[in-house]
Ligand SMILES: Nc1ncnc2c1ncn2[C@@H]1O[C@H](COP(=O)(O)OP(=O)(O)O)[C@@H](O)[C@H]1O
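Shown here is one chain on its own, the form predicted alone, set out as structure tokens.
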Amino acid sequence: MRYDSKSSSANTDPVTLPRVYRGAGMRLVSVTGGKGGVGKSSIAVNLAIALSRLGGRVMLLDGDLGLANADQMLGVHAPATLWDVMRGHVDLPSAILDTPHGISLLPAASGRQEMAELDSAARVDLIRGVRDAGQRFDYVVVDTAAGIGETAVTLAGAGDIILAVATPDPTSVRDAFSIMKILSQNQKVERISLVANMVGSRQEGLALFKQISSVTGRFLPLSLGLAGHVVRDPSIQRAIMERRPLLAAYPGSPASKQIQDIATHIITSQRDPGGAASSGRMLR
């Protein structure tokens, strides 16, 4: 299905907001999705940049600890990674890297099985360290690994705001429900927001949300919200091949504007005392 410009006309205007509200402290935004191939990493990287452009101080954590790729998507080289932190070569704050895109990056290692299979104590230490180091930021965006491994689920469940990325692919719908079920039952998550990705139009994104929410509403004690939609856009793959973030390479593309809208949704929800992103664990 081709991109429907009429159905998405509300998302084509530039986003303009005052500087992010700083009174609520650091918020950890977990981006999960169950299966791989749903565009989760692209959403996480570009969402971090979009939050920064709205005035936020933002750090991106590459939570795919054993198969990291955020540094490539940002076009940067990481002198130190979480692998070096775990081995005691550097402390965690020293591994945080400034990027040319207005955000900081806490990079992970690639090809390190030990990092992909952290034990319970190491996972707790990692989350504590990230929260401690993240106190100088307004948002820490976590790109979790694909699948339902314990490290991926723990990082997803640690979020103050949890975004689940899903596409209209039936396997993605099934896996999105599976990760929501696990987060609800094992991590006691109460609220998740869906990002409908790779859809043909706003209407298709709404239909995907209704499809998933009808199941979660029947079977899970979970409130499912809709953070926004992102259309299928060839600019996304071009940006990945160029090792540039979409918002930097193609800022006027439909997908860029819709990711900016999702960032706006997160910030405006936080600024509203009664909003979905108002405080603490209830963000889920």
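On a predicted model such as this, the values are computed, not experimentally measured, just so you know. Quick note: we count residues from 1 along the sequence shown, nothing fancier.
Omitted here: the form predicted together with the named molecule. The next part is about that form.
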item: Residue 41 within 4.5 Å of the named molecule in the predicted bound form, heavy atoms; value: yes
item: Non-hydrogen atom contact residue 53 with the named molecule in the predicted bound form at 4.5 angstroms; value: no
item: Partner proximity in the predicted bound form: residue 231 to the named molecule, non-hydrogen atom cutoff 4.5 Å; value: yes
item: Residue 36 within 4.5 Å of the named molecule in the predicted bound form, heavy atoms; value: yes
item: Position in contact with the named molecule when the complex is considered in the predicted bound form, options 249, 26, 240, 226, heavy atoms within 4.5 Å; value: 240
item: Contact assignment for the named molecule in the predicted bound form, among 153, 92, 80, 73, heavy atom within 4.5 Å; value: 73
item: Which of 177-185, 153-161, 194-202, 133-141 lines the interface with the named molecule in the predicted bound form (heavy atom within 4.5 Å); value: 194-202
